[in-house]
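Okay, here we've got a single chain as structure tokens, the form predicted alone, with questions on binding and movement later.
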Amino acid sequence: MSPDAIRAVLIEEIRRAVPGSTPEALPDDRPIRDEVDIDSMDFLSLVTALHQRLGIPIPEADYGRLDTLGHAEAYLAAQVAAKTGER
């Protein structure tokens, strides 16, 4: 899966978790939770949706790696690559 495809999934799922948000305008280096005012339950819904859409495990210990759009994109890309054997 390409980085652009992963980013598109991430943005779509943020939009679903927080209706009315504009995740495509998020800076890569700002905390997602602050930028779109996402609460802990919505964040958990986001993580669950990403897990289901991408077919990858996202352990609770890794939730901190989803703090910014840039970090989340890199983390998800690495997880997808590990799952599919891509480099």
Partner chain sequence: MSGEFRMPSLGADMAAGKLVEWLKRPGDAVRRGDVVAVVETQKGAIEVEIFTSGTLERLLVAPGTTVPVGTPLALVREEGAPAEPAPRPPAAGKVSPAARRLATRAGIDLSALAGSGPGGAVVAADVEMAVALREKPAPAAARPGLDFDAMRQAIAAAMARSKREIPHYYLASDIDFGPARAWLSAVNRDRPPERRLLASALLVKAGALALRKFPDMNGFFSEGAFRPSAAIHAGFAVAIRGGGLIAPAIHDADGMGIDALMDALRDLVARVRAGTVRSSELADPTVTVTSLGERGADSAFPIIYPPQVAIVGFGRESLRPWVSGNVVAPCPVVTATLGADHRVSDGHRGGLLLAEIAQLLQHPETL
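Residue numbers count along the first chain shown, from 1. Note that the structure is predicted; figures quoted are calculated from it, not measured.
Another form exists, predicted together with its partner chain; not displayed. Remarks below refer to it.
Q: Decide if the three candidate residues Leu54, Arg65 and Ala78 all line its partner chain in the predicted complex, where lining means a heavy atom within 4.5 Å.
A: Contact check failed for every one of Leu54, Arg65 and Ala78.
Q: Is it the case that Ile38, even though its partner is missing from this view, gets within 4.5 Å of its partner chain in the predicted complex, heavy atoms only?
A: Yes, Ile38 lies within 4.5 Å of its partner chain in the predicted complex.
Q: My question is simply whether Pro59 lines the interface with its partner chain in the predicted complex - judged by any non-hydrogen atom within 4.5 Å.
A: The answer is yes: Pro59 has a heavy atom within 4.5 Å of its partner chain.
Q: I'd like to know if Leu26 sits close to its partner chain in the predicted complex, meaning any non-hydrogen atom pair within 4.5 angstroms.
A: Contact check for Leu26: no, nothing within 4.5 Å of its partner chain in the predicted complex.
Q: Taking heavy atoms and a 4.5 Å cut-off, does Leu69 contact its partner chain in the predicted complex?
A: No, Leu69 is distant from the partner.
Q: Let me know which residues along 8-30 have a heavy atom within 4.5 Å of its partner chain in the predicted complex, or say none if there are none.
A: Residues within 4.5 Å: Ala17, Val18, Pro19.
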